[in-house]
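Coming up is one lone chain in structure tokens, specifically the form predicted alone.
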Amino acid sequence: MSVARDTSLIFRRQVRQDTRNPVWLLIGLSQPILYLAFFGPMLSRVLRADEGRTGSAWQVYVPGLLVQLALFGAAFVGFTVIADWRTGSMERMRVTPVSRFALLMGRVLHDVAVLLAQSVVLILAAVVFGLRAPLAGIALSLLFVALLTCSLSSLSYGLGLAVKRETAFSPMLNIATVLLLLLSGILLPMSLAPSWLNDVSRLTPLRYLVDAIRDAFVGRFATATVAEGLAVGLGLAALSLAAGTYVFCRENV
């Protein structure tokens, strides 16, 4: 019960910070909306080359945008923990009886809530452009977004607290996010790629989440692709939370 109470306390603290400057929530949503508006309409012609594809262009593209939203929305949250460490607020919280796990989990749950809300807005905008997907598929996609956000947010907080310097943290994130963006089939399905690139992309965990959401958007739920996506998402979330908690629990961080 104390861990739940501490987690709720940290969660509410993060929400209060958002209410002081809510414009950043809109900025975080602006990038995928721009991709939706200016890149999405070109896909119907491009995707005609993928003869094995099922579903409309929007059912292929929007799942990638949801993963992209979670990728860029969660991967960079570590900058906030660096700022908290520099101002001393992180150390002040660590000397209190608050659980170290709660210090991380409260932040992570806040990020999950924010990105789920942004994902709903993105899906509603996509419906205006022509997306049609079953409600069960949309609900499943939000579960994948939550798992991915939990994973990336935990890793970002842990890495940020371990590095403690924006000059070192930023290049790491830029390289990692660009590689994941290009190799996970976020913008276009990897079935359009050469076979060697398609094989390389299978080494990235986000590839499995993107493919699983695409299956869910066309109403295919009981497939190996969806099962693989769930297994990868749950496993990645568990490992990331464990790694982040380890950093938050270390002495003299």
Partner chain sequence: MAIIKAEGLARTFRTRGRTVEAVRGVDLEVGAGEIVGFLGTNGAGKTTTLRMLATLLRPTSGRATVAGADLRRDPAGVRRRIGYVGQGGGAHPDALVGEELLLQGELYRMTRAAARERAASVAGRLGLADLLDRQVQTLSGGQRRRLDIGLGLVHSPPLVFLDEPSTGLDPHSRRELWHHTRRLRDEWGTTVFLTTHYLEEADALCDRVLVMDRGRIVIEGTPEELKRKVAGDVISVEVADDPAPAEAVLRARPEVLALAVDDRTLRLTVARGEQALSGLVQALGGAGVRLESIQVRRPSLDEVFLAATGHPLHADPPVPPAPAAAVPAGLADPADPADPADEGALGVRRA
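In this text, all values refer to a predicted model and were calculated from it rather than measured experimentally. Numbering follows the first chain given and starts at 1.
This next part talks about the form predicted in complex with the partner chain, which is not shown.
Exactly one of the stretches 135-143, 67-75, 177-185, 98-106 approaches the partner chain in the model of the complex with heavy atoms within 4.5 Å, and it is 98-106. Contact check for S89: a heavy atom falls within 4.5 Å of the partner chain in the model of the complex. Using a 4.5 Å cutoff between non-hydrogen atoms, L25 does not count as a contact of the partner chain in the model of the complex. Though the partner is left out of this view, L155 does not reach within 4.5 Å of the partner chain in the model of the complex, counting heavy atoms only.
Taking the partner from the other structure, the partner chain in the model of the complex has a heavy atom within 4.5 Å of a heavy atom of L9. Residues E166, T167 of 166-198 are found to place at least one heavy atom within 4.5 Å of the partner chain in the model of the complex.
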